[in-house]
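Form predicted on its own, single chain, as structure tokens, below.
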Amino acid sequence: MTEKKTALYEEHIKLKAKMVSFGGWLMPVQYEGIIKEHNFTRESAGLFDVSHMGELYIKGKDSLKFLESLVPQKISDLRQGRALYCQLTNDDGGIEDDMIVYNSFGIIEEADYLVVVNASRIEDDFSFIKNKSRNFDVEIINKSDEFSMLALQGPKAKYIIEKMGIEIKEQPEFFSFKKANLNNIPVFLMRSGYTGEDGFELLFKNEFASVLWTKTLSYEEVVPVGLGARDTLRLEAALPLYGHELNEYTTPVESSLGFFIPKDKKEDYSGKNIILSQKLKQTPLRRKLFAFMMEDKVIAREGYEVFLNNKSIGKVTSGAPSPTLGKNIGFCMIEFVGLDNELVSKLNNIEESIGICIQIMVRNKLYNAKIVKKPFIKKKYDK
């Protein structure tokens, strides 16, 4: 299969970015180095090409009713111009994808709701959602090929946006969006991101990609950032990644996303019975996601086995050095089947699970780690 290129591919080549395959796309993994790009984003502002993400428009008389049947979250609570983090669940309660749903009434003419999905899942999500919409008066439109998206992240992001034409007091609040003109370019300006920092995601037509990219990078407070630093930034902020922490066989509660599941949603959605039963602790969890920090100076990578008392109990889902902390950190999924009830009870209690010692197999040797509280660093979202 031929890998896709974003509208900014040539710009990345000009900057001598190291390009890699990611979710069916050729994307920059780094420009001048992961650690430098990571730290610059934490201290100033980083610019990410996230044009590989997918955009779906949902419109029609039953658009709200349909979305209520599609995700565990309460879409009826989503006010105009606001966004909501959601999971697309299947009949077994597993996660087909995680996504952001925007109430775009009065903001996007062609859509009642804008749904932003992961790059590797665009076609699968579109097909899944279309199939679920058969009994509703609703239209699902895949607009992914028409748009590019930039993420401007970091403590100085709001000042850059101000320089580009939107005063700070006029900028959208966290997890909301609006129409805007940045240097006379029409964009949908979203206050969101994937780094744990304050920042924005800019959605716009492909034709403006190079101009907007070049203009944003003209400010000395901004550097281009690749997928490598994007991963370490999101990991420090304890943000899950589909295909790693999230998958079609694991429920939101097992993926430690129970906080996002309302107990009192009346509408049915795929997998509601098992998800709600787990949320209410009526059904025992089969597995659970934990954050860990290495005590020994090794890096635990995805797929490495996790042990407790010399027994294999799970696998690392993500692992990397934390430039901010100077420690090696990660996520692991621990399987509860076969564990004694006392240990499972302890793991199911957030406070009691913190500090539990585990071992991770790295190059055929066990190294010590401990379960820690999430996130690894405090998030700095500007409310």
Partner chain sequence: MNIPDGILCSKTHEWVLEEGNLVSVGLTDWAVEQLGDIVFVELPEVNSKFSKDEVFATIESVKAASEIYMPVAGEVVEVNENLINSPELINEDPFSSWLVKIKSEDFQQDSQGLLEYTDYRDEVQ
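Residue numbers count along the first chain shown, from 1. All figures in this text were calculated on a predicted structure; none of them were measured in a lab.
Only in words, not in the display: the form predicted in complex with the partner chain, which the text now covers.
Proximity to the partner chain in the predicted bound form (heavy atom, within 4.5 Å), stretch among 348-356, 335-343, 52-60, 313-321: Result for this chain: 313-321.
Of the options K14, K374, K18, K370, which one has a non-hydrogen atom that comes within 4.5 Å of the partner chain in the predicted bound form? It is K18 that has a heavy atom within 4.5 Å of the partner.
To verify the annotation, which of these, I122, V298, L203, M293, has a non-hydrogen atom within 4.5 Å of the partner chain in the predicted bound form? Only one listed residue qualifies here, and that residue is V298.
Is N103 close enough to touch the partner chain in the predicted bound form, meaning at least one heavy atom pair within 4.5 Å? The answer is no: N103 has no heavy atom within 4.5 Å of the partner chain.
Proximity of L26 to the partner chain in the predicted bound form, heavy atoms at 4.5 Å: So L26 does not count as contacting the partner chain.
Close approach of I34 to the partner chain in the predicted bound form, 4.5 Å, heavy atom: Contact check for I34: yes, within 4.5 Å of the partner chain in the predicted bound form.
Should G271 be counted as a contact of the partner chain in the predicted bound form, where contact means heavy atoms within 4.5 Å? No.
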